[in-house]
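Below you will find one chain, with nothing else, as structure tokens; this is the form predicted on its own, and questions on how it binds or moves follow later.
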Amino acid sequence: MTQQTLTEWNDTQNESGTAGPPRCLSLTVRGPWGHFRRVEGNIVKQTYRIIPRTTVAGLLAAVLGIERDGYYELFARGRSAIAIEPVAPLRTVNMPVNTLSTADESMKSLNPRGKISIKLPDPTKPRQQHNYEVLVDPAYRLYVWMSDSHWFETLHETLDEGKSHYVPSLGLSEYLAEITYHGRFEVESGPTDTAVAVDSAVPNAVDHVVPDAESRCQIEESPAFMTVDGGGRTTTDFTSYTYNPDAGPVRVRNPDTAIVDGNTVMFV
């Protein structure tokens, strides 16, 4: 896979037609902890600050009860649009975690002679300590559109009833997420001809960001789209996000924005 330039990223987004979906659902996910492991290998397991688009897709698939590797086309480019707005300051701590191996030789069977037998890591085996960089009190408002009307309506009904097929989490299964559903909103075109304060993270437009001495601005690139392959799944595209770690707006020159529930956001 080759890495695209920022210009190519912008061209791709324009071609996809995902910048202005007709309507969207909006929800806020939050929790006491979150960890979205960066794809780069490292002894310290670092986290993305902005929940990756692929993680949002997985979280929504869990709400809908779609199996692993069964939702990538539903959230593919041109068939979905997602905007991500941090609504709480993004801060992290390093947390040492003792882990047990899940290799076959380190697993222990429970009820091995019964009809139902499960395997768990053997607690008598030596632990291995890893340092995790963990988000503290992360919270994101999400704006989601899918072209598949069946799943779009099902997600709306499921969220509106306060239900979820699987337990939602923020990256790791032990970091449980609380979901607040705001409802369904029409998407209006936002201003594009001036420097605009964008409330969401700004995708693929770092060269349009207007520096501001009064607010901080950071950049990170994270997985955006996936597809099924012989080994399970692989990332096909990344998104470069510019964001304010203090959960404030980012000023962007001539952006392709949308207005949802009074907030200025950018979809990808």
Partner chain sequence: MLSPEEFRRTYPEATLLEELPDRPIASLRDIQYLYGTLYTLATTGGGTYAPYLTPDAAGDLVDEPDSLIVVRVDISGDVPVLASDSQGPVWVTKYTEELIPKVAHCKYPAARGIDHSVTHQAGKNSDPDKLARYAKERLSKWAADSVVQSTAEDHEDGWIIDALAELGENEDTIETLEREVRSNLSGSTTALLTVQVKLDADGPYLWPGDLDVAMAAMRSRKLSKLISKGKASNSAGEATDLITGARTRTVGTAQDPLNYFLGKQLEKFPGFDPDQAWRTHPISEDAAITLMNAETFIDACSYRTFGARVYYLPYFFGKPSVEDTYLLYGILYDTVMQDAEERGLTPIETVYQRREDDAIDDNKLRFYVSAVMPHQMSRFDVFGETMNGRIQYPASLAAAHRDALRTAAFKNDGERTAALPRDENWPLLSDGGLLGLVASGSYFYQTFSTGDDDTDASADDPRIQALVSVLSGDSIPVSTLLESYVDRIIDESGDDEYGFPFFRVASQYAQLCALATAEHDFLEAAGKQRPISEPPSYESRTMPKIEEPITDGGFAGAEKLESFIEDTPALATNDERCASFLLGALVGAVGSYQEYKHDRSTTLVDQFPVQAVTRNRIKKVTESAIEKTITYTRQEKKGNASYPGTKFDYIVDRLRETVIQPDPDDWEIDTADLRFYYALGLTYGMNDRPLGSSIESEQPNPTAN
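Positions refer to the first chain, counted from 1. What we label the rigid core is the largest C-alpha set whose atoms superpose within 1.5 Å from one form to the other. This structure is a prediction, so every number in the text was calculated from the model and none was measured.
What comes next is about the form predicted together with its partner chain, which is not displayed.
Within 4.5 Å of its partner chain in the predicted complex, a heavy atom is found for every one of V44, D207 and D229. Proximity to its partner chain in the predicted complex, taken as heavy atoms within 4.5 Å, picks out 208 to 216 from the listed stretches 195 to 203, 56 to 64, 208 to 216, 25 to 33.
The contact residue chosen from F185, Y132, F152, Y71 relative to its partner chain in the predicted complex is Y132, the criterion being a non-hydrogen atom within 4.5 angstroms. Only one of D122, E174, D160, D137 comes within 4.5 Å of its partner chain in the predicted complex through a heavy atom, and that residue is E174. The closest non-hydrogen atom of Q128 lies within 4.5 Å of its partner chain in the predicted complex. When its partner chain is considered in the predicted complex, A103 lines it closely, a heavy atom lying within 4.5 Å.
In the predicted complex, its partner chain sits beyond 4.5 Å of every heavy atom of A88. Residue contact with its partner chain in the predicted complex: M107 places a heavy atom within 4.5 Å of it.
Contacts to its partner chain in the predicted complex (heavy atom within 4.5 Å) from stretch 55 to 87: none. In a rigid-core overlay of the protein, D148 has its C-alpha displaced by under 2 Å between this form and the one not shown.
Residue displacement note: P121 has its CA displaced by at least 2 Å between this form and the one not shown (rigid core superposed).
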